[in-house]
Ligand code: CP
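A single chain, nothing else alongside it, follows as structure tokens in the form predicted on its own.
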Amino acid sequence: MTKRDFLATDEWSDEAILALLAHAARLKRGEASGSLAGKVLAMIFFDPSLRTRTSFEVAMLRHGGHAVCLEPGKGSWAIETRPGAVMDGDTVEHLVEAARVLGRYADALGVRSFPRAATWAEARRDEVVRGFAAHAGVPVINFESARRHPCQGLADALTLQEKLGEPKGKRFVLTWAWHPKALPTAVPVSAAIDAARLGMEVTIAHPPGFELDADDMAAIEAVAARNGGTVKVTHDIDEAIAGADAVYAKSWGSLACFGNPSAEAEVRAPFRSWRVDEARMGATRGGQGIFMHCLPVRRNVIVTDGVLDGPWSVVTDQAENRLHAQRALLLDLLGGLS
């Protein structure tokens, strides 16, 4: 049987992703079940987690399986991730051996690794999660990397289907928001890809200097073209939000300044007004558009209390849908769906 990894939703077919979403909805409604009895998921977190760790542990438990959590350098050996590294420093175990051994213990691996490279040209290769996929011998799930957060993308798409009915032709706005530090582009790219897969009219709003990776934009556009959606970019947040059915706020760093925090902070500084407030949500379609965010979110920086606690917010539903989308994913990858 060919090993199937889940590293990016755009690396799976539209049919496979839409089938996963349908299975997730049925699982959530209690209309489907499945067993992961005797299955083990090894989770490797190089970076912190609340929703990803908890939702995957609960998903395995719900279906009779077990999850093991490892935090390299905290209770397990620090892992060297660079190919060809001369390991004469603090790290004592290499990714290659870690992946091979864990692949013998577990039925699937999940890996979270935020970008640490000095340049975007290096970071964009997602070498950690793809290194585990190359050497583990079992399915590897991307728990978030520099360029993709596919599990969040699944939950986003499931939420759009639930809240908008038929999303096709409706307006999805991904808006950049100011943040005190540069963040990865994984979540915004994944959200846009999966909104495009639903045939939505995708608008990406960001200030000049915060363009997404050209290949990632091409991926969003290709998915949209196959599914009857559209993609456009604007530098005007208010123009973008006016008449929107869904507003997804997310910060990301300037790729042009990647690896240079002081230069990036200078580019970002003039755009603190880029946040979502009640007035902007009031400008959505009928004043009733939904507000989305992957969480965690900085209140009154990315979005105001009034929006998060108001009738527009579906962020808790999004977080819940991580569980159901991942239940479907695990059952699909490990052969337990019924």
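Here the structure is a predicted model, which means the values were calculated and not measured. Numbering starts at 1 and runs along the sequence shown.
Separately, the form predicted in complex with the ligand exists; it is not shown, and the next lines address it.
Looking at residue 48, you'd find a heavy atom of it within 4.5 angstroms of the ligand in the model of the complex. A residue is said to contact a partner when one of its heavy atoms sits within 4.5 Å of a partner heavy atom; residue 206 fails this definition for the ligand in the model of the complex, lying far away. Within this chain, residue 287 is remote from the site of the ligand in the model of the complex, having no heavy atom within 4.5 Å. When contacts are judged by a 4.5 Å heavy atom cut-off, residue 149 counts as touching the ligand in the model of the complex. Heavy atoms within 4.5 Å of the ligand in the model of the complex are found in one stretch of 63-71, 308-316, 36-44, 291-299, which is 291-299. Not one of 179, 275 and 304 places a heavy atom within 4.5 Å of the ligand in the model of the complex.
Taking 268, 112, 197, 171 one by one, only a single residue has any non-hydrogen atom within 4.5 Å of the ligand in the model of the complex, and it is 112. Contacts of stretch 297-329 with the ligand in the model of the complex, defined by any heavy atom lying within 4.5 Å, are made by 322 alone.
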